[in-house]
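Before any questions on how it binds or moves, here is one chain, the form predicted alone, in structure tokens.
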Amino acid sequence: MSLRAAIIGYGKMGQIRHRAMERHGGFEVVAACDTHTDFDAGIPLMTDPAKVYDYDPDVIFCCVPNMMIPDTVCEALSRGKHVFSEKPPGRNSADVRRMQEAEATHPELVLKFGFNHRFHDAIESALQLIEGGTMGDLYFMRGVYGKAGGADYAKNWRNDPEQSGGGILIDQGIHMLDLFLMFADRFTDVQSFVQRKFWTDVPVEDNAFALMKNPKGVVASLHSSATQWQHRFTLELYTHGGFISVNGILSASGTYGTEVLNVALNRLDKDGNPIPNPESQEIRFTEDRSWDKEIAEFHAAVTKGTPIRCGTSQQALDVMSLVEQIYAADADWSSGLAARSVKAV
């Protein structure tokens, strides 16, 4: 079944989603909206988002900045359209709850948020090992997700809290937090340090350090950074029976290197004690299929009624609430002007 699709926000992400829909083959992209329309997209382009509805789309792809997401999603749902929205899901948990209310009013419609990291091959393989019991109980996780801020960092809308909700934590670290929640469910204890280290003239953080614990005692530590001059993605999971690590992540920018999964099972000595440095198995992934798998899940949910596994509104609320917990856990940050502007309203 082919779905008529319109894209609101036809920048980098809108075009990535367009290409993924073309590869899937189950979509006909009939229109797109953006502030810039002076190029040939092969489809009608317009600056007024309301005009895309004149093309009678079945689904709306919401690829707009954070502050515009709630209005765009709620409007699409009110018009009876299924919605695929980018992350972050707004600027705060209040934004997500507003979209959940609109979703509840239209239970026949599908709402999905684009947390594509869950669909990476290395991440899916790690989850299968954890859920399959192969590695034993999960003890703790460590995650580092960092990049260089780049040109015009201070001028980017992502660093205006009124538009984005925060800095590097909500922009990039939210992906790692979403993975933590996938592996360990909700965290009840949160400690943090949220800092401006290099871009001291912007009102949002360029580094966030967080330490979290869930009710089962699983501990997770995160460093989300815009001053990690060498781009880096590392996720480590340590269990009773060994460890799993994902180093590098295939991305649209191509700056995080090859995606490598390492798995090691503990070896025991004659007394049953783990021997240090167990041999690990390495699997390398060279193709990013996450965008395509996300699109396929959304298409199946709309056309076949299959449930959304990754990117539900509840998952969006859980991760946004965790972001707010991290901001609030640093007393110095949460008492400052920058942090006050990212709290839920």
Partner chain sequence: MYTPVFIDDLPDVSSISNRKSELYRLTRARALADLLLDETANWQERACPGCGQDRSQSGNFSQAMVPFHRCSHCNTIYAARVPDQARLEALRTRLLAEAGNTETSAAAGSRREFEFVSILNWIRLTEARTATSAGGLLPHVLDYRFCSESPAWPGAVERLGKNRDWRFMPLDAKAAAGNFADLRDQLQANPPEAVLLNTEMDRVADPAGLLRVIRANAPRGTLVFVATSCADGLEYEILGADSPSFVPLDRLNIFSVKGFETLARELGYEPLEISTPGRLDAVILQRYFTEIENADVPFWSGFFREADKDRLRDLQILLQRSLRSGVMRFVLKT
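Numbering follows the first chain given and starts at 1. Owing to the predicted nature of the structure, the values given are computational and were not obtained by experimental measurement.
Omitted from view is the form predicted together with the partner chain, to which the following refers.
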ask   = At 4.5 angstroms, heavy atoms only, are Leu179, Ala184 and Gln315 all close to the partner chain in the model of the complex?
value = no
Note: the partner chain not shown here; in the model of the complex, the stretch from 167-175, 70-78, 120-128, 104-112 having heavy atoms within 4.5 Å of it is 120-128
As a check of understanding, the residue in Val218, Leu265, Val202, Leu211 with any heavy atom within 4.5 Å of the partner chain in the model of the complex should be identified as Leu265
Of Glu287, Asp38, Asp48, Glu279, the only residue with a heavy atom within 4.5 Å of the partner chain in the model of the complex is Glu279
Would you check, heavy atoms only and a 4.5 Å threshold, whether Ala300 touches the partner chain in the model of the complex?
no
**Study point:** is_contact(Asn156, the partner chain) in the model of the complex, heavy atom dist at most 4.5 Å
**Key:** no
Review point. Closest heavy atom of Thr134 to the partner chain in the model of the complex, within 4.5 Å or not?
Key: yes
